[in-house]
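Below sits a lone chain in structure tokens, taken as the form predicted alone.
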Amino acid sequence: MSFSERVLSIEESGIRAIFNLVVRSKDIINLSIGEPDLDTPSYIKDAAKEALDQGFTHYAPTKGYPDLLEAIAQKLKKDNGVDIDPEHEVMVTVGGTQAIFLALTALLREGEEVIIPSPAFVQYFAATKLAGGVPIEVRLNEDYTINPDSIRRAITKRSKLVILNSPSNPTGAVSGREKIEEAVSVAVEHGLMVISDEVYEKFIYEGQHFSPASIPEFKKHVLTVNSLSKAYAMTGWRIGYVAAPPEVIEQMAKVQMYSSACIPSFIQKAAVKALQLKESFFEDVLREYKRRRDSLCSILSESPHLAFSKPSGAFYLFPRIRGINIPSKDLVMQMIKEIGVAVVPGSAFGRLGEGCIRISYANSIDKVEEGARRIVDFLEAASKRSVG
């Protein structure tokens, strides 16, 4: 049997591969998946139940219910300084990942290039290929922040898009306003569109979040992608959104019509409630994740075989392995087998991620600390085997 060349050009997600391997095992400390261990707040769940009881079980508008689109517009104005028309410049999607996929499908022509600062979220590469594009990896700075110069050097006649992500998955880096502005300026100067993936905007421990679409002259060049998955502990609900120029939303909505048609009605109603949460909710969550980050970094800093700086955002650490010459994928499989700790190989996040591992601290602090101690001991033993 023959298959699509585009599908054959991509591999299984390195994140999902590890997740599927360990999900059924209660003995594994899972520090691989980027999923908050906190439960969805009860009032969001209650809003979904109420919507079900009210009969919101039928098809919804392709772009989303007006009250949700209005709630998103208000959120973007208040939190991000981004002014949008809720009727024409925003749509809801199946998480942030579908927003990116719809955008690439709508914007790319065959063979056009997407510039991706790397290491980067695994989906960027696969979605680009599935949309007929060519992913172009460019280096981040040493601290994993966006490097505008590397973007500038990568631009060719085939370039169409740049994907920016801050706070970053997999590195946890938060790029400052100056670097993001310069990167977007470079893109605009060359007539490129920018996808700004801001899914982790609520998870910033030091520094501030910046949305490039808040600058009026950038707005028509930027697609702002966000999701309720991380901030509201709603990963399984699969709802996100994208704000973009009206002509882009119109084309993305066409792709939506023929793929998923719409987002489930009752989930949209619950999302309206979620977007009404007070900032105090996030303050408590952020305090807990900062505690986990600090503890993880403290324990791992004892190992001479890990090189890293403390991440300023998201809930990931992306250390480089030192003194152990084993491909990151093989190293991760050994860790699962020998010490019962699951992380993600750096190679899953592009060729520039090789030699690193991604550790998620979206788990209980007890498991994060125990997993970290096991990793330190494992690397010490592995280094001795490597030398021997």
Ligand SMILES: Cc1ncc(COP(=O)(O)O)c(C=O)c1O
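What you are looking at is a predicted structure, and each value in this text was computed from that prediction instead of being measured. Residue numbers run from 1 along the displayed sequence.
Keep in mind the form predicted in complex with this ligand is missing from the figure; the text below concerns it.
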### Task
Answer for Phe318 alone: is it within 4.5 Å of this ligand in the predicted complex, judged on heavy atom distances?
no
### Task
Classify Asp197 as contacting or not contacting this ligand in the predicted complex by the rule of any non-hydrogen atom within 4.5 angstroms, answering yes or no.
yes
### Task
Consider Gly96 of the chain shown here, and say whether it contacts this ligand in the predicted complex, taking contact as heavy atoms within 4.5 Å.
yes
#### Entry: Contact label in the predicted complex: Gln256 to this ligand, heavy atom within 4.5 Å
no
### Query
Here the chain is shown alone; which of Tyr144, Phe121, Phe203, Tyr232 has a heavy atom within 4.5 Å of this ligand in the predicted complex?
Phe121
#### Entry: Contact residue in the predicted complex, chosen from Arg292, Lys160, His209, Arg238 - any heavy atom within 4.5 Å of this ligand
Arg238
### Query
Out of the stretches listed (152 to 160, 121 to 129, 69 to 77, 248 to 256), which one is close to this ligand in the predicted complex, meaning heavy atoms within 4.5 Å?
121 to 129
### Task
Check each residue of 157 to 184 against this ligand in the predicted complex and list those with a heavy atom within 4.5 Å, in sequence order.
Asn165, Asn169
